[in-house]
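To begin, one chain is listed below as structure tokens, in the form predicted on its own.
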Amino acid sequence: MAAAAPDPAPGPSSVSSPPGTGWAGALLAARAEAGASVGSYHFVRPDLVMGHDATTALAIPMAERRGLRLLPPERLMLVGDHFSPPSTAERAEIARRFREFAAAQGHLPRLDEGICHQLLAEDPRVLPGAVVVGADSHTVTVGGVGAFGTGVGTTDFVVAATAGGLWLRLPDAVRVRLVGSWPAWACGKELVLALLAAHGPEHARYRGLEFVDDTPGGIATDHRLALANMAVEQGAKCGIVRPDAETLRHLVEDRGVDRAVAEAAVARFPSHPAADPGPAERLPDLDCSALVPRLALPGGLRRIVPVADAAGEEVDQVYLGSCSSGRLADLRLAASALRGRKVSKRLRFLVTPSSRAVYGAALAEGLLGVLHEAGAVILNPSCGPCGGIDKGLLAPGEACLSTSNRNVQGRMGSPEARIFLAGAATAAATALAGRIADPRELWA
């Protein structure tokens, strides 16, 4: 029997929540039954649910066996981005099955438009204070615009995508303030690497990782999205950057949101003293002016070192892209370093804009032309190389410097390959040198 139509999800509102829960707890409590407390489970109705081709395919048999109906398109986004376009007959079959299931449920998936997390960040429904649940761990990316986003497994996705809600445990929170001047070569990945170097990859386990930007002028939203994207790599349930003037500018100027709508969303965000219970812990301020280019050594995120410590290490491939990079700010950084120069002939330099919108903007701005002339291979917006799906797979013994978010063995191909994780400027400098290089001299 088909499931009953779900009640509509409530919109964001200014609410208070128990001490220690921070913004994540406040936003979840607004959509849960009364009596919310840290560590307790509550049935929460998100504003938007997301599934992509690879994860939705796993959910299809479960939904069909039970005769479940998906939420309407207003509440559910389906994206074809992992097998986009398919690289094998097996993946083509998965993609076909995904499209057919979606169509039978009244959905038209967003195919070949870009990485699902970037599409969420561009979506008019994802405003400050929104609650988003997705069948992928990097749904946390939307925290860059002040939304709560978290990833779930197949069973929870099926429940959320059909019943309109799911059970979530309210997390406590840890907050860090960003201060100091923003270096010209820096990107959001550098903030993540600095946090990982200082606190390790598990310090925020099942907590809301919160950021307050007190830098002069504010850090660009593209970099904030990267910062939120890798909250999950620090064990966090979500990563949220407090909305501010930069958020408002981004919503209105970059995304075309009506100013009154954007202002109302920012105003409703629970950040004023009466509605903000505060975090359980505050980390030391992160001074952006003290940043140095860093990278993660192959095999995980426990070994973060200055790029200078690994300078000279030869690599076979440089990859600029994924949901943690490949946005307009990253492409601008790379283009500014590569303009009038050529990448090394001894490596492959792959560039993936994170969405068709980013691709089009970079094309109009001339960035892709600069990268092409420098010798980069421009790929279609998709997950592709990041997860070892297609395009840019590594052979045994090869090494890659990547701006993606994970570097475990076998992530991008052979388990005998090595992956270094770094920021966009380091990627550009390394592509020029043919070996790992400190990017700061390019901005001297």
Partner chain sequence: MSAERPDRISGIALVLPDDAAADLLHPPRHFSLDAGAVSRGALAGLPEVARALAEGAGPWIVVAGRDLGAGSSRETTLYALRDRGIVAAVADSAGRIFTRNAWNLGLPVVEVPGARLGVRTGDPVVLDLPRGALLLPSGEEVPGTPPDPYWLAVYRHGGLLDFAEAMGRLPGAR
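The model shown is predicted, which means the values in this text are computed figures rather than measured ones. Positions refer to the first chain, counted from 1.
From this point on, the text means the form predicted together with the partner chain, which you will not see here.
Look at 167-175, 220-228, 330-338, 108-116: in the predicted bound form, residues with non-hydrogen atoms within 4.5 angstroms of the partner chain sit in 167-175. Contact between Glu314 and the partner chain in the predicted bound form is not found at the 4.5 Å heavy atom cutoff.
For Thr155, a non-hydrogen atom is located within 4.5 Å of the partner chain in the predicted bound form, even though that partner is not displayed. Mapping the unseen interface onto this chain, Gln409 counts among the residues with a heavy atom inside 4.5 Å of the partner chain in the predicted bound form. At a distance threshold of 4.5 angstroms between non-hydrogen atoms, Arg91 is in contact with the partner chain in the predicted bound form. Taken together, Arg66, Arg97 and Ala135 are fully in contact with the partner chain in the predicted bound form: each brings a heavy atom within 4.5 Å. The contact residue chosen from Thr150, Ser271, Ser84, Thr247 relative to the partner chain in the predicted bound form is Thr150, the criterion being a non-hydrogen atom within 4.5 angstroms.
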